[in-house]
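Take a look at this single chain in structure tokens; it is the form predicted alone.
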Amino acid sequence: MSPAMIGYLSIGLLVVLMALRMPVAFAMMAAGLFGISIFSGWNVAVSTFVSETWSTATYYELVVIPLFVLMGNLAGAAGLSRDLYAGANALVGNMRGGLAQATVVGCTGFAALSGSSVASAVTLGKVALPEMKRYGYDQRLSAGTVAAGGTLGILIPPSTGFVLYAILTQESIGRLFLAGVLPGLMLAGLFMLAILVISYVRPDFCPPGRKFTGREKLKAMLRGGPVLGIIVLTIGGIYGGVFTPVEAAGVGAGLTFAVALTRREFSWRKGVAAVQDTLYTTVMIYLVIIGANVFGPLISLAQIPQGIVELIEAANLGAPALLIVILGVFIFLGMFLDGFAMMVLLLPIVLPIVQASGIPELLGLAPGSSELTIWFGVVMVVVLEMALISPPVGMNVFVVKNVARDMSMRDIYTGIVPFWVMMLVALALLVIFPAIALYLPTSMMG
């Protein structure tokens, strides 16, 4: 049996196991063990599984995941998200669609605390959705704003998506965090632009909110001061060379816990729940990484990327067409696969294809360069954001549904359409202007 045939059989097994609703992490482990055992024997397959489990569990850089997730969960439990939203509302609430605009600004700020899109959507949804309902906002716009704004959690640093990508590609976490800043702010701006357009076309969708006096604005923004202080110290510390990402995560979690202890809303029960949520998220991500590290070597042994490159060369696809096909496949699969699962499954196959094709030349980047890997990481995370609000498996859509049980799934999916279109615009801008992603990591870290 040829190496390629073994690889495709293993992929087929993976698909069958996932169709049988086996968790993707365990499906990758099973398919990887199956393929490697055919290549090298059962003892080698088991040895690979054990060594990859141990190396993942003891990999120092991965500590950033539980610490940043804990930071976001503690902030939500202590009510810091409510202060963040109040400050954003005081700042932009007098704009057209002010409460929806404030939701996007609040999600942007909370993203810099949590690194998790689901946590951002849950936390801000509990605060923003009742407020928009009270002011008579169209529920489709409200739901779409929260679902889309929450996705910023995996693009704006600290991002669990970038941490996972860095582990899979051996790229610098710090450089990837820097690469996500401008695209994250750009996407937040595009979301706000979409709300502004909707407010002009359908003013009944977003009635005017209350106007704040200068004193009220100052008071609201001062209440959000601890949140902004934590963000500046942790993220600024990374970029200023004061902390490594792991150290910054520890400092951020410690500061958030210290602030939480001073808040009346925080309780022992909420603290325990925050830790439990952190453990659940961490275990899920670790298992996915272990599965990817077992399944990934099989893809290399089977030489599947090389075979696909040969097919592409035979089809004589130009670089623009190839890039559109790759992004189209990601967007399509994002409708059915969990975003992280899609990353660990497809990255070992697609990244070598991108590096070996004419795409680097199209972008003005060197093949195999760190800049190309970083740019592709940003593009991939934006696609993961699209997956989070794409039917039928968009995780953030179900999060919003859980928060606002009186809304129908149809209304929520209708509400995300303008924001999904803006994500497509963001992808196009990143392809046309790669410097949006590369300017900060190149200028600040070389």
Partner chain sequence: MKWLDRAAVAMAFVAGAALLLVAAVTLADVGMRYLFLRPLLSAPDILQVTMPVVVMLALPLATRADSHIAVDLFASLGSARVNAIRDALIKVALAGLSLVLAWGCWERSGEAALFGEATNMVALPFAPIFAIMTIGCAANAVLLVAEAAFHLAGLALPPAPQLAPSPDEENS
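Numbering follows the first chain given and starts at 1. No experiment lies behind these values; they were computed from the predicted model shown.
Beyond the structure shown, there is the form predicted in complex with the partner chain, which is absent from this document and is the topic of what follows.
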| query | finding |
| --- | --- |
| One stretch from 130-138, 101-109, 279-287, 177-185 that, in the model of the complex, holds residues within 4.5 Å of the partner chain by heavy atom | 279-287 |
| Residue contact check: residue 243 to the partner chain in the model of the complex, 4.5 Å heavy atom | yes |
| Interface membership of residue 169, the partner chain in the model of the complex, 4.5 Å heavy atom rule | no |
| The partner chain contact at residue 409 in the model of the complex, heavy atom, 4.5 Å | no |
| 4.5 angstroms heavy atom contact with the partner chain in the model of the complex for residue 11 | no |
| In the model of the complex, the one of 424, 431, 22, 435 near the partner chain [non-hydrogen atom within 4.5 angstroms] | 22 |
| Heavy atom within 4.5 Å of the partner chain in the model of the complex - residue from 86, 238, 231, 251 | 251 |
| Output flag, 60, 269 and 272 jointly within 4.5 Å of the partner chain in the model of the complex, heavy atom basis | yes |
| Contacts with the partner chain in the model of the complex - residues in 44-75 whose heavy atoms fall within 4.5 Å | 46, 49, 50, 53, 54, 57, 58, 60, 63, 66, 67, 70 |
